[in-house]
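Only one chain is included here, represented as structure tokens and corresponding to the form predicted on its own.
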């Protein structure tokens, strides 16, 4: 994952664009009566680097924390890497550097952290006690660094993320590239209505919205009110509130009013087999939302549901792109389309990710004859 951070500006209103539409999923009940419209007013955690520098500490105290944090990171060695492919000391020390950069208002202090400047006061975006707690969470609890600082780099974006919302992965960026390639040669799709199902942080919706510009529209759905509040933050920060609409609900249910009129559907659904969740990296299985990971016994539950829904929701010539767990799931979906949904789609293909893994299934709704 990319963990290199820059600075962007912060929006003020996060709940304007969320339209609740509570429902159930085809394969399992996902709706809850507790998900009322009041949940859509949730405000997301503000990323660390966007917080005002309301705290202060001496350079000496900051140096003392930094030395302790570096020692803790160095003590990890390759323990996490060997146990579950987690971060080693080298990566943790880089994360520590980024944490310091996000915390300190005046970066010139970084080169002056010494005994001679020990009594100098430094303005911080988090108190020293908070920094101790943050780093303990990172090392002792294996809390993802993105949750610690509240953001993640994705494509050319800096997206707000927090616990309860899946951290967007680099491989998912390719979905936006694929959409860009298609709409560059198809004005009908560029000017159409798109849907991002299970939007999470809103990464795909924001990426695609920036490509479509004012000529297209995106509806992004998610069952999770925390995800929708984070997505609202991200789309407003990039000025896309007139292009992207958020709707609360499970998969296609919030889209009943546009059935058969959608130009494109994208989704990075839960696709990890249930029994494999516990074996994932601790940062993932302990902290990221299981709802966004668990794809059922074989990992295919929601992928089948997406294919079924795409057959009725896409307009003729409409595009779908779904992320999968790899080659086996892609080939299984192709067989499903050829048997259970024969004649519904054309030009179906498998696209590999940056690592050469057959990751994405792409295809078009069959044109009417």
Partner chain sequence: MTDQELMRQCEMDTFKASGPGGQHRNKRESAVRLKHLPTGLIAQAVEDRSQHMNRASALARLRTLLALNVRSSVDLEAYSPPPELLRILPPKSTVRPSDTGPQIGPNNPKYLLGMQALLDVVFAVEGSVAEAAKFLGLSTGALSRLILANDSLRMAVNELRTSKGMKPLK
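Positions refer to the first chain, counted from 1. Here the structure is a predicted model, which means the values were calculated and not measured.
What follows is about the form predicted in complex with the partner chain, which we do not show.
Problem set entry | in the predicted complex, segment of 186-194, 230-238, 69-77, 263-271 with a heavy atom within 4.5 Å of the partner chain | Selected stretch: 263-271.
Problem set entry | Contact flag, residue 104 vs the partner chain in the predicted complex, heavy atom cut 4.5 Å | It does not: once the partner chain is placed as it appears in the predicted complex, residue 104 has no heavy atom within 4.5 Å of it.
Exercise. Should residue 207 be classed as touching the partner chain in the predicted complex when contacts are defined as heavy atoms within 4.5 Å?
Worked result: No, residue 207 is distant from the partner.
Exercise. Do residue 355 and the partner chain come within 4.5 Å of each other in the predicted complex, heavy atoms counted?
Worked result: Within the cut-off, so yes.
Exercise. Any of the heavy atoms of residue 301 lying within 4.5 Å of the partner chain in the predicted complex?
Worked result: No.
Exercise. Which of 243, 255, 223, 167 has a heavy atom within 4.5 Å of the partner chain in the predicted complex?
Worked result: Partner contact (heavy atom, 4.5 Å) among the options: 167.
Exercise. Considering the partner chain in the predicted complex, which of 214, 121, 133, 85 comes within 4.5 Å of it through any heavy atom?
Worked result: Only one option qualifies, and that one is 85.
Exercise. Taking heavy atoms and a 4.5 Å limit, what residues of 270-299 are near the partner chain in the predicted complex?
Worked result: Residues within 4.5 Å: 270, 271, 272, 280, 281, 283, 284, 288, 292, 293.
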